[in-house]
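As structure tokens, one chain now follows by itself in the form predicted on its own.
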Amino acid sequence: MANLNTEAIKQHTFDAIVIGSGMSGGWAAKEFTEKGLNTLMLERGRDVKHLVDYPTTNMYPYEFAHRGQIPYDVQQANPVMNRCYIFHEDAEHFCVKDAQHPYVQEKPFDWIRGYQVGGKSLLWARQTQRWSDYDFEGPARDGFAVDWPIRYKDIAPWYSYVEKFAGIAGNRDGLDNLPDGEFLPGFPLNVVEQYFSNFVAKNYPGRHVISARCAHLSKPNQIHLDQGRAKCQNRVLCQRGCPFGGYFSANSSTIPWALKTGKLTLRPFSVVQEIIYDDAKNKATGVRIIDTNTKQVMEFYAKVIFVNAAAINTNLVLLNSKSKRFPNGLGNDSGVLGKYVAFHNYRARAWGEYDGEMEWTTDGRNPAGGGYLPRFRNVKKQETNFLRGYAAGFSAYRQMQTDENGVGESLKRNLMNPKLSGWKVGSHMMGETIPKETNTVSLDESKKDEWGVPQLKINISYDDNDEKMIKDYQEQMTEMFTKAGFKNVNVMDSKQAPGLDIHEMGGCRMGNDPKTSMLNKWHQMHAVNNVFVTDGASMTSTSTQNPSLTYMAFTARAVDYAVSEMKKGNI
């Protein structure tokens, strides 16, 4: 900045800047600082310190003013956030309120955000599955989007690297479409989940019901204890923040690990306005922010910049980073920035009841959530009238039922003697959507937020491929449930808008050709070699797996490459 003297500029200069402190940003900070680089992490929201800032983590239900529910007036004031499953009294403080951070919905889109240090890593569902070559080769085989510039062999060692540190519980299932990893012991299926797993294996070749893989410490290793984390207590209150560090979050793991090096400067309350590009130097030189408390505009400088603001916000930062060289957004020579945004389709569900195994019930909670059906449609060849496919969750449970009939003594007796229900089974679809040029995010030219940044316009919708996929899921689950002996089988389509899956991806995709993509195989901008994007914005396609584990592996790999290039003098 013009009014900074030499000493002030020095204080604002780092080796690396990481924009965002969530799932991938935490990994970028950890990797840079471990390699000895002075790193600045920018977070637009407040700080949330592990163990310190989890105000509800040990509260009993009766200690909540509204017994866990959100008051009606708050629900009405936040129609988008209120549709999210996480929006309850115990985690409300980690959820972005609608009016505080407005955006423009050209089509209905429920944008769920977590603006604090750690981001949505505090709130995620913790499901972790690797991609396989059936996923990386999908666009090229099926003729959509552009070809991924990498394959499974490129990322496999980095999956192992992040799994060992994060702690992933799972079984070695030996499936080529869902590669095994560096697992801690998996959480077991219950008796009905195992029954359905056996039934599917026997009657549907190529289909599998496995224990869901998740980022919980079922049996911590020394590296997890060194992080100050402990074994998962199966509380399943994860959205409050875990005082044991039983599940992986940036707050409990990567950020404190990076801070221990003494190389990390964490700056919350910093909304990034743009990345500064120097036309003469032909590279990015820093980041311009506004302090949300003082409203002061500030600049910070670094040799390399990692953008990890979460997929849609990363698009916003890049679109708003305009210069003479890049009038349509940083690195946007191809014109694809903000386009080909995709997501996961979670609209469909199936459920039923089971009369068998009535001598059994469950005891305690399962952090993994039960079973997982890896994608079985169009895996090795095209076999349906829609492209790609879907994975599915599966769970079974019995619940205590209380008879509230009667008066006086009979009512008291009924209330004091709840009874177990029969088994109930359920499933939900996790469908791959196809990245389309018409699914876009862009800047609104007239509306700005409180910090002078243009509001984002979101124009994203389902298509005919998604509708056919939903129909197939419902038909297949109905058939499998019915043949397995489940009764009262039903299916539904929530018709929910895109966004509630919280798995938006793309807009700044990877690819081999700079004319059709933004990033090369190292997540490095084709046109600006010291800017990297390793969060969901970089995804060329979505596959069906929960994406966070892949973001972690991508980030660790990209930092390793960036540092090696810096040592060579190429960055």
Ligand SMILES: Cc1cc2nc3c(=O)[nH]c(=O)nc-3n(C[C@H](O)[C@H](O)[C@H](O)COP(=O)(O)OP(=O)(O)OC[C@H]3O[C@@H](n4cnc5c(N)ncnc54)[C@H](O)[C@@H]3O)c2cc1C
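Here the structure is a predicted model, which is why all the values come from computation and not from measurement. Heads up: residue numbers just count along the shown sequence, starting at 1.
This protein has a second form, the form predicted together with the ligand, left out of what is shown; the following refers to that one.
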{"property": "Segment that reaches the ligand in the model of the complex - one of 386-394, 455-463, 323-331, 309-317, heavy atoms within 4.5 Å", "result": "309-317"}
{"property": "4.5 Å heavy atom contact with the ligand in the model of the complex for all of Asp135, Thr254 and Arg557", "result": "no"}
{"property": "Distance check, Lys120 to the ligand in the model of the complex, heavy atom within 4.5 Å", "result": "yes"}
{"property": "Close approach of Arg126 to the ligand in the model of the complex, 4.5 Å, heavy atom", "result": "yes"}
{"property": "Non-hydrogen atom contact Phe14 with the ligand in the model of the complex at 4.5 angstroms", "result": "no"}
{"property": "Distance check, His50 to the ligand in the model of the complex, heavy atom within 4.5 Å", "result": "no"}
{"property": "Candidate from Gly114, Pro374, Pro435, Pro498 lying within 4.5 Å of the ligand in the model of the complex - any heavy atom", "result": "Gly114"}
{"property": "Residue among Asn530, Thr33, Asn546, Thr540 with a heavy atom within 4.5 Å of the ligand in the model of the complex", "result": "Asn546"}
{"property": "Within 4.5 Å of the ligand in the model of the complex: residues from 491-526 (heavy atom criterion)", "result": "Ile502, His503"}
